Every structure is written in C-alpha cells, then in structure tokens.
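Each of the two blocks below gives one form of the same protein chain as structure tokens; they are labelled structure 1 and structure 2.
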Structure 1
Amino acid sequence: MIDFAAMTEGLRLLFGSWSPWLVMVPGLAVGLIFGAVPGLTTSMAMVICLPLTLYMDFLSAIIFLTSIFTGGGFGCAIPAILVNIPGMPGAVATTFDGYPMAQRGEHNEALGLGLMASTFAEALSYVILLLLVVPIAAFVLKLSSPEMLIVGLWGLTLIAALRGRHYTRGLLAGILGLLLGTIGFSARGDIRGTMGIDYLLDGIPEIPAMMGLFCAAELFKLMRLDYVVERAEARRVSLRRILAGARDTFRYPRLLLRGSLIGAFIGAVPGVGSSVANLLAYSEARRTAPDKERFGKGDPRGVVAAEAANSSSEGGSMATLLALGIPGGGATAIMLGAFAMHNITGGPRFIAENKPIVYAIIFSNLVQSIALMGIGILFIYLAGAIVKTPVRVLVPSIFAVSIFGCYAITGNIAGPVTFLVFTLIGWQMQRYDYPVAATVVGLLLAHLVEGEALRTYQLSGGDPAYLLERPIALVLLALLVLSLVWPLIARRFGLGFGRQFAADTGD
C-alpha cells in the first residue's frame, strides 16, 4: 500500500526547504477570508492567486493552493454559524444547528465545534488518502453514470429528511428547486425556461440563489433586534469557550467518524463534492438520532456531522485529482490548471512517476490541518466581531457585501438580480413555513441527476436489466432503498426513533 522509499523522499522534499512552509500560512489566511465573506468562494481565491504560482516550484505551488482550499473549508462555516449565510454550498447544513446555537449566545462553542470537526476530519481524510490512494483510484474508475445517478438520487432523498414540520410542503419546496435547476440548457442541449433572458442560458446562478434563500428571512428578522445576540454578556468572544466547544467535538466520536468517512467517499466522486457530503452526513446524523427533534434547534451534533463531511471531502477530491487527473469540483479543477502551468500531466501516470511529490503533498496537508486549528482560532476572534456589531450596521453591510460578491461570481448583473429575487422567494417561503433547505438541495442536484439519468438511459438503451450488470450500482441502490425504508421498519418494530418519524410525517 505504502512505498516507504518514496515516502522518505517525499518527506525530504517537504522538510528540506523553507519555501513550502512560507506559503502555507498565507494560503490558509486567504482561504479563511474568502470562505468567511458571503459571496466570495474558495475557487475565486484560488483563481486570483493562481498567477502567483508561476513564480514558485511545483510543490510550493500545490501546497499554496491546497492551503487556500483548507482554509476555505472552515471559513465558510463562520458566516453560516454567525449570520445564517453559508459561505459556500458545502456549509448549507452547518446553518441548520450552528445559527440557532449562535442565537442562544453559544457562537463560541459552535465555532469551536466546527473548527475541531473540520480539522480532525480533514486530517483523517488525508490519512485515508495516504493509505488507500491506489485502491481509491481503482474504485472511482468503476463509478460510471448509473452509480453517480444513484448518488445524486440519494442526495435528493434529503428533501424528505429536511422537510421541517410539514411533509408535503417539504416535497413542494424540493420540487421547486428541481424545476428551477432545469432552467437553461438541458443535458441534451435544449433550452428551457429562460423566457428569452440570455443570462439564464447557463441556468440560475446557484450561489447567489442560495445566499438569497438563506439570508433573506433571517436578515429581515434581525432588523427587529439591536444585536444578533441580545444578551451583552453572551456576545463576548471567549477563547475558553471556543476551546470548550472544540473539546466537546469528541463527545460525538461516531458522528465525527461517520461524517468524515461520508465526506471522503462523496468527495472522491467527480462533480458531487462537499455540498452533497455535508447534507448527507447531516441527514444521516438526524435519521439515526433517538431524539431527532432536537436537530435544527441548535444541536451540537448537527454542526459536528456537517463540518466533518464538508472538510473531509477535500481529501476525497484530492484523491481523485492525484490518482485520475479528474477534478472533483471547481477548486481541484484550478489545481489541475496549476499542473498544466508547470508542464505536469495529472492522472494515474502522475502517481507512478511522482510518488515522492504525492507523499509530500499528503503530508503537507496533514500539517495544514494542524496549523488550521491555531490560525482558525485567531481568525474566529476577528470574525466574532459580527455578533458585537449593531444590527443597523450589520444588515446593510451584509446585503452590500452579498450583492458585490454575487456580481463577482457571475461577472454581470445576473448575480445581484438573482440574489434579490431569491431573497424575496426565501422570505415568503419562510413566512409560510416552506423549508428553503429542500429547495436548495433540489437546485444543487438537478443538473447532476438529469445529466447522469440521460447518460444512463443512453448506455442502457432503456433496459433496467443493465443495472444487474453493475454490482456497485446495485449496492448503492440497496443502501438508498434502505435509507428510505429504515424509518418505516423502525416504526413497525418499535425501534427508538420510529415513533418520532410517525409524528414528523403528519401535516
């Protein structure tokens, strides 16, 4: 599994020069800042910094970019917890319990939980990558359209898990997201639902839409308050309480481990990424909890599960990049661009011909995970000023930053307009108790499910028996069905959380 000679050479490359370490801290800081500002993304930070890597050697360039990736993985959780705006799609599930904790004055504990879960899960994902990079590459090569379709459908079943108090309203909200996700060019090249608006040819911009859906109602609610956290004594940023939250992370070892493994596996599937991983880990944590009614009301377990999966997906996506040369998302696509800038070709041959560099990259990311803990705590002190800022200053500032950020994402007026339109939609949905999370899930997964469904149909010729020839697809399908029927089985046989499921499905 491990080539110890190559690993020794990789450690020599890593520790034999100061240059790889000089770029790590700046990279983490850039990632934290871009992740924490609504509308800015880790991919945007990496694109902006990509030209700088021309003046670095290849190892330093990749370490710099992965440091930005690492910092952004936790940075997006900060606005999700403090003001209910996920910095990126991968932090959507973090808002469900992180923000209610902040409203109770437990923002220190929530940020500590998120930071430690992110740090631990990312380190674990790279340990897994260190041990299993070759088997992971072989397994991911076997995932084709049918398997990715089932993974996407699994993500869509989260609509049921995130339905809130009313099952039918959750379904309607999820269907709305799916319909909105079909706007623009279809997988076959047909144009749908654009109403003649050229800006919609590529579909609805997802991040501006998501920001509008999530922040609208909360910002309107905040306008009735003086501060995000009402009690003055609860607004303090406390190192002791942040560390207490970090320590409490290990009170949930099963959730932490399961979220990390879900994130690492989902992250390794190209095109799926952290947005599915953190929603899936959160829904599994809620589904298996004996007291699931506590989720969504400020339960620390929700923060731990979501952030563990969000950050561990980085290791999975890096496995796909290093082993196959296939980027799992926007950030790893930019890293692949850095490969090309340094005249290096990614893919299976890259590992075979550059094993020392691969090991050096993996070990540098393990160090980044540890460094993130210290730098993250310092950054939390700065970001914690949000809860000390009067709402009359905070709300206009967030709206302004969000609008500028949305413009930066799309490069045209479509971003700000999408944000404002979905702000109104989100406000009305929350006003009438329709779960916006279900709409976000549908919007994020619509393209994946539609595209993979079309390719599966083309490969199979419309014959369902095609699945019988793909054992991995059958296993994934069995797990999908089990996740759907397990609550019914639990209710039938009187298992712990079955009774709560029966109460949840009432309208």
Structure 2
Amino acid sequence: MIDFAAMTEGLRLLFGSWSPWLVMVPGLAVGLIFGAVPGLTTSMAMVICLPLTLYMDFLSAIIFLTSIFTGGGFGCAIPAILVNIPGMPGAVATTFDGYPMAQRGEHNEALGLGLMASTFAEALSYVILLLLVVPIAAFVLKLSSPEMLIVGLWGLTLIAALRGRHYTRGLLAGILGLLLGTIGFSARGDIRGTMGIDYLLDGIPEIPAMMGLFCAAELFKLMRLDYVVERAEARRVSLRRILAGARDTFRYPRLLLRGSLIGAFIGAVPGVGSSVANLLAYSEARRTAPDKERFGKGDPRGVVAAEAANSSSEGGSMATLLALGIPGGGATAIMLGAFAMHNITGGPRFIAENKPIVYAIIFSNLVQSIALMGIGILFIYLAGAIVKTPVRVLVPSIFAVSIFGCYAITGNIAGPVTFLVFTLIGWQMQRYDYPVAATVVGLLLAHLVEGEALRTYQLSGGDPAYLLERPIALVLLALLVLSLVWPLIARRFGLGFGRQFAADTGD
C-alpha cells in the first residue's frame, strides 16, 4: 500500500530544499484572500498565478497551487459565515448554520469551528490519500454514467429537501436551476433558450449567477438592519473566542470524521467535488442528529460537517487527478495545466513514474493543513472586521466588488448583467421563501446531469433494465428515491417535513 523507498525519496525532495516551503505561505494567503472575497474564486487565483509557476520547479509549482487550493477551501467559509454569501459552491452548506451563528453574535466561534474542521479534515484526507490512493482510483473507475447521473440528481434533491421550510418550493427551485443550467448549446449542437443572445451560447455564466442569487437573498434582507450583527458587543473579533470555537470542533468527533470521509470520497468523483460533498455531509449530520430541528438555526454541528467535507474533498480530488489525470473541477484542471507547463503528463502512469513526487505533494499538504491553522487565525482576525462595518457601507460595497468580480470572470458585460438578472430573481425567491441554494446547485450540476443522462441513454439504448446490471447504480438509485419520497413518508408518519409539504400544497 505504501512504497517506503519512494516515500523516503519524497521526503528528501521536500526537505532537501527551501524552495517548496517558500511558496507555501504566499499560496495560502492568496487562496484565503480570493476565497474570502465574494466573486473571486480559488480557480481564478490559480489561473492568475499559473504563469508564476513557470519560474518554479515542478514540485514547488504544485505545492504553490495546492496551497492556494487549501487557503481557498477555508477562505470561502469566511463570507459564508459572516454575510451568508459562500465564496464558492463548496461553502453553500456552511451558510446554513454558520450565518445564523454570526447573527447570534457567535461569528468568532463559527469561524474557529470552520477553521479547525477544515484543517483537521484536509490533513485527514491526505492521510487517506497516502494510504488509499490506489484503491480509491480503482473504485472511481467503476462509476460510469448511470452512477454519475444518479449522484448528480441526488445532490440536487438533497438541497431541495434540506433548505427552506417548503419542500415543493425547494424542488421547484432546484429544477428551475437545472433548466437554467441547460441554456445554450446542447451536446449535439442544438441551441436552446438563448433568445438570440450570443453570450448565452456557452450557457449562463455560473459564478455570476450564483453570486447574484446569494447576494440578493441576503443583502436585501440586510438592508433592514444597521449592522450584520446588531448588538455592538457581539461585533467584536476575539482571538480567545475563535480558539474556543476551534477547540469545540473536537466535541463532535464523529461528525468531523464522517464529514471528512464523505468529502474525501465525493471529492474523488470527477465533476461533483466539494459542492455536493458539503451538502451530503450536512445532510448526514442533520439526518442522524436526535434534535435535527436545531439545524439551520445556528447549530455548530452543521458548520463542522460542511467545512470538514468541503476541505477533505481537496484530498479526494487530488487522488483522482494524481491517479487518473482526471480533474474533478476547475482547480484541479488548472493543476493539470501546470503539469503540461512542466512537460509532465498526468494520467494513470503518473503515480507509477513519479511516486516520490506524489509522496512529497501529499506530505507538503499535511504541512499546509497545520500552516493553515496559524495563517487562517490571523486572516480571520482581519476578515472578522466585516461585521463591524455598517450595513449602509457594507451592502453597496459587496455589490460593487461582485460586479467587478463578475466582469473579471467573463471578461465582458455578460458577467455583470447575469449578476443583475439573478440578483433580481434571487430577491423575489427570498421574498417568497424559495431556497436560492437549490437553484444554484441545479445550475452547477446541469451540465453534469444532462451529459451523464445522455451517455446513460446511449449506453442503455433507452432500456431501463440496463440499471439492473449495475449494483452500485441500484444502491444509489434507492438512496435518490428515498431522499425524494422522504418528505411524503415523514408527512405520513408525522415527522418534520410533513408540515412543510402541507404548507405548500395548502393541505
């Protein structure tokens, strides 16, 4: 399972030179900043910094990029907790309980919980990668289109079931996102729903749409307040309370471990990654809690589960990248670009031919996790100042930063216009209690779901019996059906969701 000779060589590569260490702290800082500013993403930070890696050796370049990845993995939790805007899709579930904690004046504790959960989970995911890189890669290879389709749909139904008080509104919001996400060219070249607008041929720009939906949902609500946290004493940034939050993380060892394992596994599935991992971990935390009604109202367990999963998904996605050369998302795709820039070919042969480098990357990420703890606390101290800013200054500033960020993402006016349109849609969704997170997840998963549906159709020839030959697909399908009908079962037996379903249908 572990090649000790290669591992020793990897450690020598890592500790034999200063250069891998010199890029780690700047990488973490860049990742934290880009993750923490709504509109800037880890992928954007990595793309901007990619040319710099030409001046580094391959190991330093990958360590620099993974440091940005690591910093961004936690950085996106900061706006999720403080202003309910996830810096990236991976922090959607962090908003569910992180922001209510901030509203209660427990933002320090929430940030501490998030940081420690991220640190621990990322370290654990790389330990798992160290031990299981070969078996994980073998299992992921077994997931074909039917399984991927079901995993994508499962992620969508979970968000509908989890967010908001109304199940039917959650489902409608998710399907609306799915439909919006299919606008543009189809796989066979048909043009759908573009209204003749060229900018929409490649689909709706996802990040500006996501930012608009989330900005609207919260910023318009914030306008009724003077401060994000109304009580002056609750707006203080306290190192002591951040550390207390970090310590509290270990009060939930099972959640921490389960969230980390879910994140590592889901992260290894290409195209799914942290955006589904954090939702799944949150769902599991809530499902297994005896007092599940406390979730969504500022329960620390929700923050721990979501942050553990989104951070550990980094290790999972690195496993797929290193073992198969398949990028799980934007960040790992950029890393694959760095491979090419250094004339290194990613793919199944990469590990076999570069075992010492793989071990060096894994060990450097273990060190990054520890470094993130220190740098993250310093960064939280600065970012926590957001709650001290009056809403009348904060809200217009976030809108302006988002407009700049959206322009940077698309490179044209399509980004700001998309942001504006989805801000107005999100405003109305929030007004009538539709979960915008469901629409965002639908939008993000639409390409995956449509592509895998198409491949499944082609593989099966349209025969549903094809699924009977795939036991993993059957298990996943059973879970999907269960998550769909669960609210009806709960209603029948008087469990939580029944009342919510009834509220929608007027029963």
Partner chain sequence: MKVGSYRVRVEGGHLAFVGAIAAFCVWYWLDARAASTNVQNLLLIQPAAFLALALCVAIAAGTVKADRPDASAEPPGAAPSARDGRGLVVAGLLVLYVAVLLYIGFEVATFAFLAGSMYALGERRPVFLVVFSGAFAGAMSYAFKFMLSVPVPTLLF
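Computed from a predicted structure; not experimentally measured. C-alpha atoms forming the largest set that superposes within 1.5 Å between two forms make up the rigid core. All residue numbers here follow the sequence of structure 1, with the first residue given the number 1.
Problem set entry | Form predicted together with the partner chain - structure 1 or 2 | Structure 2, which is the form predicted together with the partner chain, differs in this respect from structure 1.
Exercise. Does Arg247 move its CA by 2 angstroms or more between structure 1 and structure 2 when the core is aligned?
Worked result: Result for Arg247: no, shift under 2 Å.
Problem set entry | Threshold 2 Å Cα movement between structure 1 and structure 2 at Leu366, rigid core reference | No.
Exercise. Is Leu467 among the residues whose Cα moves by 2 Å or more between structure 1 and structure 2 after superposition of the rigid core?
Worked result: Result for Leu467: yes, a 2 Å-plus shift.
For this session: Can you read me the CA shift for Gly189 between structure 1 and structure 2, rigid core superposed, in Å?
Result: Value for Gly189 between structure 1 and structure 2: 2.3 Å of C-alpha shift.
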